[in-house]
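Just one chain is shown here, as structure tokens, and it is the form predicted on its own.
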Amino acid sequence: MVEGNGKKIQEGKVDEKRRMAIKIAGLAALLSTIDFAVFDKEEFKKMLKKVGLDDILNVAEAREGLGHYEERAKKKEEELKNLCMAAADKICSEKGFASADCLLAKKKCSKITVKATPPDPNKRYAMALDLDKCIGCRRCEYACVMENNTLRNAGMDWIHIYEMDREGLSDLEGARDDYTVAPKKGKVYVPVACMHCENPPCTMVCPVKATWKEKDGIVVVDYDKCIGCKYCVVACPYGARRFNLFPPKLDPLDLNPNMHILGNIPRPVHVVEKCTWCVQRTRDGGVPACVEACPVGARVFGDLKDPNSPIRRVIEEYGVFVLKPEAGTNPRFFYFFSGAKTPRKEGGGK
């Protein structure tokens, strides 16, 4: 079922100033050699639901944050600095106190900052992804791991990208996220992460109120309150939550020192974690790392309450869709089709 209509705006160009340099010569050369098949969008849309601007701006009530985090953030910052310096001293003793690794480790440890920036009630964030542009390169996934101090090689990635056949699309059943080469002929790529739903079932089932939706629309987790029961993992229709089976590993060389107490601090063992739309960035006026890292500009992030924001321009110009509408979660992660020109289908015309 398709509902709602996206309204046309006069100059509907998405502002991409915050993107990384996407006109990389190497990537351009790669794209020029790939022969994409145009997938059947109408078939694909059967697994999506189109939503209108009025529905999107009709937001559900959010809970206030539980408790005051400023003092906890300061204590966590001091704790992490001490742990980091101990790890840095080990690196320095092994590689030499004048080595580049030693100097970098010490520098990162000294820059550790744990913030407790509260939500701005005048903002309501959302993200959209252009399925006509995504090439499945996983750069967004890699950037997310580095930005959010996620354990490497532990299956804890917050973004999963599914590869699907371009023909006969109906749902994500049978889609694979373990592909090793992309983009490929006859395939389409669908990134999935936390949808930051207006009606998040994960928050409803938490028995200790360790997860909730804040005033700016970001669904957060308090790692100190989480008891690891995994009710939220089961409740999420999108498989977006990860249960951490590993103790935190503080590697100064891989560390992102810019942290938030409800975001990318190293997580303890046996708690649940997930995408926070890089709360340590977005509440300081930035964009999530995945948006910045996308080499083809497929991701758009912004404030739904700002009529001039990139996300509003996408909604009004192209119209947007949500995944698994039958779950009643009202996601604030949207998919859209920009109509970007793709190379001709193999064996077909231009």
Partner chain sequence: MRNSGKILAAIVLITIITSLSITVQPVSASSQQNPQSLYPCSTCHQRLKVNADINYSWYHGVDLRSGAHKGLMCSNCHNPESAMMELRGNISLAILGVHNRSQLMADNLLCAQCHAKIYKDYLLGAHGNRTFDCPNGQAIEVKGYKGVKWVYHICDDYTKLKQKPARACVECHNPHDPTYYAISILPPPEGRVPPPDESSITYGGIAVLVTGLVLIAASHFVYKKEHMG
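Keep in mind that this is a model prediction, so the values were computed, not measured. Numbering follows the first chain given and starts at 1.
Heads up, the form predicted together with the partner chain isn't pictured, but that's what we're talking about next.
- Partner contact region in the predicted bound form: 110-118, out of 90-98, 74-82, 215-223, 110-118, criterion any non-hydrogen atom within 4.5 Å of the partner chain.
- Within 4.5 Å of any heavy atom of the partner chain in the predicted bound form lies no heavy atom of F321.
- Contact check for K249: no non-hydrogen atom falls within 4.5 Å of the partner chain in the predicted bound form.
- Contact check for L255: a heavy atom falls within 4.5 Å of the partner chain in the predicted bound form.
- L304 falls outside the set of residues with a heavy atom inside 4.5 Å of the partner chain in the predicted bound form.
- Annotated contacts: I159, V287 and E317 all touch the partner chain in the predicted bound form [non-hydrogen atom within 4.5 angstroms].
- Heavy atoms closer than or equal to 4.5 Å to the partner chain in the predicted bound form belong, across 296-326, to the residues V296, G297, V300, N308, S309, P310, R313, V314, E317, Y318, ordered by sequence position.
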